[in-house]
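Quick setup: one chain, the form predicted on its own, written in structure tokens, and binding and motion questions come after.
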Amino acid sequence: MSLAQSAPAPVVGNPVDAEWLRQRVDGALDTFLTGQERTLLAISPQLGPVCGTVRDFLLGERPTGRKRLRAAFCYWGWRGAGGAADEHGAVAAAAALELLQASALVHDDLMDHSDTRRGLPSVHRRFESLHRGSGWHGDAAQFGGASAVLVGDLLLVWCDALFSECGLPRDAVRRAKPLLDLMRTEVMAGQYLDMLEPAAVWPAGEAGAVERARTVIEYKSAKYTVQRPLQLGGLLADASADLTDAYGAFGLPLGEAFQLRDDLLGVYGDPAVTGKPAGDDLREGKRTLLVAETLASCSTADARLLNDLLGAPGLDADGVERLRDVITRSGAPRRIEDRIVALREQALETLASAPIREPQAREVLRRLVDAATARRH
């Protein structure tokens, strides 16, 4: 039986939808993009495909939907510090994090040579198809890759623009902005370390790989997905130092658990649900904690097979299944599941004693713990 089949049932009633937050974030993005599209099209109508691609990527219909987790944690960090529920500026600031996430995903897909994102063509493949379908001169793949770099850079610039002009008082934005800058530095560092790992060959029992994988999780995912968004929302509402620290202690284990669930889905997930091909992480050669734990306990022969096949060009379904067998046989998936449970309990314990001012914020954050750790996509 696969882990996808034995995973906990999804949470009923997504807590991200509390107070219609997802729709409010989408509305803030829609308004912002409309203004930016006017700027681009005033430069040249040839930028129409850029406008369309960005809008589709951020707001278009997708088979698996949009999680908006970073925006949710930012908003509920705001609410937990006493911020008003009806403050549009807080929603706009939270929505800025979705522009940062979109930038990271566009670049990540290019670096990983991913053909799809949530069941639709990735941005570099979309521009590659535009080049090829238009009969233009030059290399279509190179054009697609270069376009994705520029689109990702544009989204990063727009993240700063939306956050800075979100509508909250200037002193609130100035108070939080250094943490946004740190968050962006941390995720770029984590992304580089993640990219660096596949260049190495890991022998069986190589313990250093586990610690390196945990460092990648901390900076590429845990801080970026949960901890920093929560703290950003809190700082925007002038949170106390105690609450800011509590958000940090709550967000780090929850963010790690979220990424560990993602790693399991990347190997065992159902593509009809995740929107990614089965075993895509194995084809991309990702050196996750799941893989590191496998290599720390598997036989020399299995380690050799893992190093030979992980990320191999043209890895087929049979190769993916052989890698899954090695990972399952090592016992690593069960250890990862146990760690997710322990991290979840650590986060909940911290949340229970955090000096949160709004009871609804505490309840939604508790439900977000369940949503982040028991999800199927």
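Computed from a predicted model, the values in this text were never measured in an experiment. Counting begins at 1, following the sequence as shown. The term rigid core refers to the maximal set of C-alpha atoms that superpose within 1.5 Å between the two forms.
Separately, the form predicted together with a further copy of the same chain exists; it is not shown, and the next lines address it.
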Close approach of H113 to a further copy of the same chain in the predicted complex, 4.5 Å, heavy atom: yes
Please check if S299 has a heavy atom lying within 4.5 Å of any heavy atom of a further copy of the same chain in the predicted complex. no
Heavy atoms within 4.5 Å of a further copy of the same chain in the predicted complex: does L59 have any? no
Please run the contact check for T31 against a further copy of the same chain in the predicted complex: heavy atoms, 4.5 angstroms, yes or no? no
Which of these residues, M188, L306, L265, L252, gets a heavy atom within 4.5 Å of a further copy of the same chain in the predicted complex? M188
Residue within 4.5 Å of a further copy of the same chain in the predicted complex by heavy atom, from L40, L348, L315, V326, is L40
Interface segment, criterion being heavy atoms within 4.5 Å of a further copy of the same chain in the predicted complex, picked from 254-262, 132-140, 233-241, 82-90: 132-140
Sequence-ordered list of residues in 212-251 near a further copy of the same chain in the predicted complex, where near means a heavy atom within 4.5 Å: R212, T215, Y219
Inspect the rigid-core superposition and answer whether the C-alpha of G27 shifts by 2 angstroms or more between this form and the one not shown. no
Could you check, with the core superposed, whether the Cα atom of L351 shifts 2 Å or more between this form and the one not shown? no
Once the core is aligned, does V54 move its Cα by at least 2 Å between this form and the one not shown? no
